[in-house]
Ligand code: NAI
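In the form predicted alone, a lone chain appears below as structure tokens.
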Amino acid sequence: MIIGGGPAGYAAALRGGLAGLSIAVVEKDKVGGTCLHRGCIPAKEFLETAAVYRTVEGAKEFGVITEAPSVEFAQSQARKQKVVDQLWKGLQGLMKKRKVTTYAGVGRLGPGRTVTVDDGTELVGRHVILASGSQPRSIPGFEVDGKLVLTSDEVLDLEKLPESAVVIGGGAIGCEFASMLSDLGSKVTILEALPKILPGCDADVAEVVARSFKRRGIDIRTGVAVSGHEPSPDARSTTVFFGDGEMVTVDSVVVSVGRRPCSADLGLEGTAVAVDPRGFVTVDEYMRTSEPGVFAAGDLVDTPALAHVGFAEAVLIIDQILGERAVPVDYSKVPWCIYCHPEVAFAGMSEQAALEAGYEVVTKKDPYGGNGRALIVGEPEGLVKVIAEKLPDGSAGRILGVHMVGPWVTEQLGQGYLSVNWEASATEVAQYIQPHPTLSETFGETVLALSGRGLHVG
């Protein structure tokens, strides 16, 4: 029995179904969850719209003459829905092929691994996986109305973009929305309570994004807290108050301060399943709750809220149910991708995190400005940074972290992810030949320099 049909839930269903397990999924909305319907896929489609618009606007530089481009956002919205529907239908077909039974409704867990659907249906599982996902967090004084105050859910349903917007929160989701809105013509202000945007990223990477945003006219205010907002008499705009008496008037406010787990409707009475003060279901490293035979995964647990982490947790759970070798997820080394412009991708520790963990490190950075392919495609902004453990002789040993910012880095992280997770040394990775001219050779150049004798990087 699986409660929730998002990435963690449907991945468990697909893997278990392929192995011949009898699987039932209870889903209150549509299989695919937030990622497919209100998150990853829709957001990236709109970011791709922004990328296409930038390309057309800059076409003259390549000798391609076009008339002044404009954005018909309703058309992009229709294309987004077409992509989502195609993936959704494919997922439904795959679940049917693997003989997964789906029940529509809210599932609640009671004693004896009994799951009750809100239509009264009772189901008993030999094992139960809780994967009910998460929803956007709100903040006091900014009640979501879908008109002036929006979360990611409402932004992704817009038919027309606001002329101006405040994005509250400068993390990954906030920066993606700020980048997209700005590229498509909105005047954007980011308000972030912490000292810098992208607080989880390496400082050098975050600085590249901040410089790019400012150059494109995005107003970034860090170290400021919001205190509320006051709509105009006609309710067509609102004034947001922040910092030390500062204010800005905009058409829309996008609240992007993270997500909270959907644990309130799980029932759990009469079970030993524990929920922490923030609403996360508590689990051990094997995703086991305190109730025998009951697991939890995805955004419902306090692990990185990433679809691919949910996939990995689902694999871990099903492998245990099958009695096969199960390896816990190493959350310190999972890949992260942020699809703002310029893109960000990383795996492993930042330089600051490595130092705080007690490592002596050596680092190298290589800018994309010296990469031939980056210049050809007109995207020279960004860099690759590699952090390695410093050996007693001062040379670079095990690679601890790989951090990228620049063109299509979300598609280039594979080499860096493997290097970090295989605990490879800089010398070992430097032996691999990189194809030329490619964007990915910047990673190779960085590691080659880290090993002691670079070609283009000292």
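One-based numbering along the sequence shown. Please read these numbers as outputs of a predicted model, since none were measured by experiment.
This protein has a second form, the form predicted together with this ligand, left out of what is shown; the following refers to that one.
> Could you work out which of Val248, Leu158, Leu91, Ala193 is the residue within 4.5 angstroms of this ligand in the predicted bound form, going by heavy atoms?
Looking at Val248, Leu158, Leu91, Ala193 one by one, just Ala193 meets the 4.5 Å heavy-atom criterion.
> Sort through Leu316, Ala210, Ile173, Cys201 and report the residue having a heavy atom within 4.5 Å of this ligand in the predicted bound form.
Result of the distance check: Ile173.
> For the interface check, one of 338 to 346, 121 to 129, 179 to 187, 367 to 375 should have non-hydrogen atoms within 4.5 Å of this ligand in the predicted bound form; which one?
Partner-contacting stretch among the options: 338 to 346.
> Give a yes or no for Lys44: in the predicted bound form, does one of its heavy atoms lie within 4.5 Å of a heavy atom belonging to this ligand?
Looking in the predicted bound form, residue contacts with this ligand include Lys44, since a heavy atom lies within 4.5 Å.
> Would you please decide whether Pro261 lies within 4.5 angstroms of this ligand in the predicted bound form, comparing each non-hydrogen atom pair?
Taking the distances in the predicted bound form, the answer for Pro261 is no, it never comes within 4.5 Å of this ligand.
> Does Arg137 make contact with this ligand in the predicted bound form, using a 4.5 Å heavy atom cut-off?
Flag for Arg137 set to yes.
> Please determine whether Val301 contacts this ligand in the predicted bound form, using a 4.5 Å cut-off between heavy atoms.
No - in the predicted bound form, heavy atoms of Val301 and this ligand never come within 4.5 Å of each other.
> Using a 4.5 Å cut-off on heavy atoms, what residues in 225 to 246 are near this ligand in the predicted bound form?
Just Val226.
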